[in-house]
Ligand code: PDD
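In structure tokens, the next block holds one chain alone, the form predicted alone.
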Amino acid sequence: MQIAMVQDKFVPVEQLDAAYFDRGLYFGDGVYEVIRSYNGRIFALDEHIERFAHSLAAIEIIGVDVKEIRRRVQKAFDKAGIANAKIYFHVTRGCGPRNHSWDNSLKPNFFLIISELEDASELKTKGVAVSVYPDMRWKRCDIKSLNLLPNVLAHQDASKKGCFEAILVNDAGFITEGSSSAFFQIFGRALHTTPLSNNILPSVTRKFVLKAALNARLELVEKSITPNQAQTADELFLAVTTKDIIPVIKFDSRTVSGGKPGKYTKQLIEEFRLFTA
């Protein structure tokens, strides 16, 4: 016998919408992507689809044609008609009884939503504040999974402090990345960032930032640093799909680069813009 209750109402189990049995709801058993467009053109679609395929394979979701996912993304974007759009989509393993193990006969579920992006120009002009938070995530952050509760708690903590983003610090005392962004430091003419590993998301925006840095003739240094070291940087900035490069002017209440976006950060913003033209 089974009974179900939704809010305060009893519902026959056989009448429940299939969404109530989605493994994404029960276990976060799925992967996702966020893509953006600039002036009517999707940016870095191939790179995002490639990462999505990696995430699917890493958690063994089978039966998903990534070429079909790409087609759906483009079709939905064309129908939406939003020049500067945020495109979110995910695939879960499917619907079934709540068991930790799964049956490979499950049919994966696809969901997509497109919305208009907010203008980030003021953030780029003024810069933002960030605060540190313990990195409590699982050990496979290279997989863009739906398991985001630690990220949510970190971001909420930052919001309570009046900050734009939380910078995550692992048990060894080193910065990994932001709760929803990549994190960069500039010392002199050297651009520093945490090296990729299983504990870091292979950010698509990060990849283009590194290309921009080479074009700007900055030295690239992939090295983990501590929050104390980050506070001594000449410049700091974030990289995130929906806003690309955002200068950081305050790190844990300490002012960075005189409280305004640094010259190399501004140069990288301009270099990045060339990729989106």
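For every residue, the number given is its place in the sequence shown, counted from 1. Because the structure is predicted, anything quoted here is derived from the model rather than measured.
The form predicted in complex with the named molecule exists for this protein as well; it is not shown, and the discussion that follows is about that form.
Asker: Taking the named molecule in the predicted complex, would 137, 144 and 179 all count as contacting it (heavy atom within 4.5 Å)?
Answerer: Every residue of the spot touches the named molecule in the predicted complex.
Asker: Though only this chain appears here, would residue 241 touch the named molecule in the predicted complex if you measure heavy atom gaps against 4.5 Å?
Answerer: Answer yes; at least one heavy atom of residue 241 falls within 4.5 Å of the named molecule in the predicted complex.
Asker: When the contact criterion is heavy atoms within 4.5 Å, does residue 131 count as touching the named molecule in the predicted complex?
Answerer: Residue 131 lies outside the contact set for the named molecule.
Asker: Is there any non-hydrogen atom of residue 66 lying within 4.5 Å of the named molecule in the predicted complex?
Answerer: Taking the distances in the predicted complex, the answer for residue 66 is no, it never comes within 4.5 Å of the named molecule.
Asker: Although the named molecule is absent from this view, report whether residue 42 comes within 4.5 Å of it in the predicted complex, heavy atoms only.
Answerer: No, residue 42 stays farther than 4.5 Å from the named molecule in the predicted complex.
Asker: Only one of 175, 95, 91, 201 comes within 4.5 Å of the named molecule in the predicted complex by heavy atoms, so just point that one out.
Answerer: Partner contact (heavy atom, 4.5 Å) among the options: 201.
Asker: Only one of 34, 57, 216, 49 comes within 4.5 Å of the named molecule in the predicted complex by heavy atoms, so just point that one out.
Answerer: So the residue touching the named molecule in the predicted complex, by this definition, is 34.
Asker: Where, among 202 to 210, 105 to 113, 185 to 193, 153 to 161, do residues come within 4.5 Å of the named molecule in the predicted complex by heavy atom distance?
Answerer: Selected range: 202 to 210.
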